[in-house]
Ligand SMILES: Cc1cc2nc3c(=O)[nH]c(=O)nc-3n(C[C@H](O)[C@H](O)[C@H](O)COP(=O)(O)O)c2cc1C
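Just one chain follows, in the form predicted alone, and it is written as C-alpha cells.
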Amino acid sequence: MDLFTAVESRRSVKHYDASEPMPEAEFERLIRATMLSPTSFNIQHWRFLRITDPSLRTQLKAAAWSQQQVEDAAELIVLCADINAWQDRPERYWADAPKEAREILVPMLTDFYQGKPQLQRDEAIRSCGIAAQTLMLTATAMGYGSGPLIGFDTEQVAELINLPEGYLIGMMIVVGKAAQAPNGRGGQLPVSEVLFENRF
C-alpha cells in the first residue's frame, strides 16, 4: 500500500476480531518501522510497552472505562516516554555519527534541555505523537486496523504497568484485524480554515 492510500484509508478502529492474532514477525516489523520515527537530537524518548498478559488487559480495560477494544485487539501498546532520556548517556544517540558531529551534538543536546522541565516534557510528548502516527500508518499499510486511546485513568494505568519515575504515558494504541468497518470521517475542515501563510 502506498503512503497516500495509507493516510487516506487510516481510520480509528473500535471493534477487533479477538481470534486474529498478529504474527510475531509482523509485530516486530511494525515496531522496527515505528522506531524510525524522528525525535529531537535523536533522543528516541519513546518506550513501547506491549501488553500480552490477558489478566492485565482486563484490568487495563477497566481503567479505560470498559472499552472492549483494549481486550480484543491483537496488540495493545502503552506508548510512554522517558522525560529524562536527554541526560541518559546522550552519547548513545550519536554513536554511529562521525566524531566531529558527536563532539558538537552531544554538548548541544545537554545545553538545550538542562534546567527546562517544561521543554523536556513537551519534547517527550511530541516524540510520542510522531511515533504514534508512524505506528498507525504502518499498521494500515500492513492491512491492520489501529486506534489511539486517551480515554483512561492515567494514574490507574500508571500503577498497573509500574510506570517508572520520570516517564509519562502518551496514549494507548490498539492494533489488529477489524471486526467491523470503522465509521466514516465525521467532517473535515476546509483547507482555508487550517492553512495560513507567513502570519495569522
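Computed from a predicted model, the values in this text were never measured in an experiment. Numbering starts at 1 and runs along the sequence shown.
Below, we turn to the form predicted together with the ligand, even though it does not appear here.
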property: Answer range among 55-63, 41-49, 23-31, 149-157 for contact with the ligand, defined in the predicted complex as heavy atoms within 4.5 Å; result: 149-157
property: Exercise: Gln180 in contact with the ligand in the predicted complex, heavy atom 4.5 Å; result: no
property: Partner contact for Gln67 in the predicted complex: the ligand, 4.5 angstroms, heavy atom; result: yes
property: Contact label in the predicted complex: His15 to the ligand, heavy atom within 4.5 Å; result: no
